[in-house]
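One chain comes next, on its own, written as structure tokens: the form predicted on its own.
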């Protein structure tokens, strides 16, 4: 037996190798099929989760980008707000400078118009809320040559007169005060009378005329008549807004709206002196018809 095996050992080895290869291939094929089936099963189970994770990853990425964009937009919005605030501040400052420039230019023009007049500029420093439309206080007094009774004006017209004075300040009674009493004249008709404060809150004056049938019309300019010891002739006071007959028709009254905005007074001019018998040129008060 052993001799037979030894004799045919090579064919037997070949046959055995072939048989083992066949068995191996058969087993490998079987296992491979099972592996493929298992792989397909795992792919089926894992695929939805993988898709969800992929979608979630995209969403998280988009969310991060959105948060970054929101943060950038907030920073940009804050920067724009700062620029807008700076722009509004510069605009307000420019408006104020233009207003101050116009006011000072008006005062300089007034000085140039009233040749021979001695004027003292003064700033308004206080106003009493209880007498807002009756008096104000300026920052010039006797040390600047100011005395009681002096007229106070601005380029737009008459403000009032000095009623009290100290070395460094002075109190001005406004023409709106019922006790002011300004001698006035209608520029067009030359009709004369007295202006008194009518309604300080509404800022109007009563023009009491010295004639039975004076010629006064709505729209007429009213100036100082020069008959008062306080005001030179021709200073603009206001404009007639209505005309009415007094009781029994003996005299006539008119309502005058002042040319000065008393709520915006900042700098005024005190008339320290003026040429005797002088009259304001028509360019300012319109003293000529």
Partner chain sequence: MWQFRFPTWLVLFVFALLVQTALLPVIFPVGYVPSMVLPVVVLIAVYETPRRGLAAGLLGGLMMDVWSGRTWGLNALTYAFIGYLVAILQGKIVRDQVFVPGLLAGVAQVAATPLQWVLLRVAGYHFAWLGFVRPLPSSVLFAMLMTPAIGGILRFRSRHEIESMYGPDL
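Predicted model only: the values in this text are computed from it and were never measured. Numbering follows the first chain given and starts at 1.
What comes next is about the form predicted in complex with the partner chain, which is not displayed.
- Proximity to the partner chain in the predicted complex, defined as a heavy atom within 4.5 Å, holds among 201, 73, 86, 80 only for 201.
- Of the listed positions (167, 178, 149, 145), a single one reaches within 4.5 angstroms of the partner chain by any non-hydrogen atom in the predicted complex, namely 178.
- Only one segment in the set 184-192, 151-159, 205-213, 120-128 has any non-hydrogen atom within 4.5 angstroms of the partner chain in the predicted complex, and it is 120-128.
- Shown alone here, residue 68 lies farther than 4.5 Å from the partner chain in the predicted complex, counting heavy atoms only.
- When contacts are judged by a 4.5 Å heavy atom cut-off, residue 229 does not count as touching the partner chain in the predicted complex.
- Interface residue remark: residue 244 is not counted as part of the site for the partner chain in the predicted complex, having no heavy atom within 4.5 Å.
- Residues 131, 132, 133, 134, 135 of 131-147 are found to place at least one heavy atom within 4.5 Å of the partner chain in the predicted complex.
- Relative to this form, the distance between the C-alpha atoms of residue 132 and residue 265 is increased by at least 3 angstroms in the predicted complex.
- If you compare C-alpha positions, residue 132 and residue 261 are 3 angstroms or more farther apart in the predicted complex than in the form on display.
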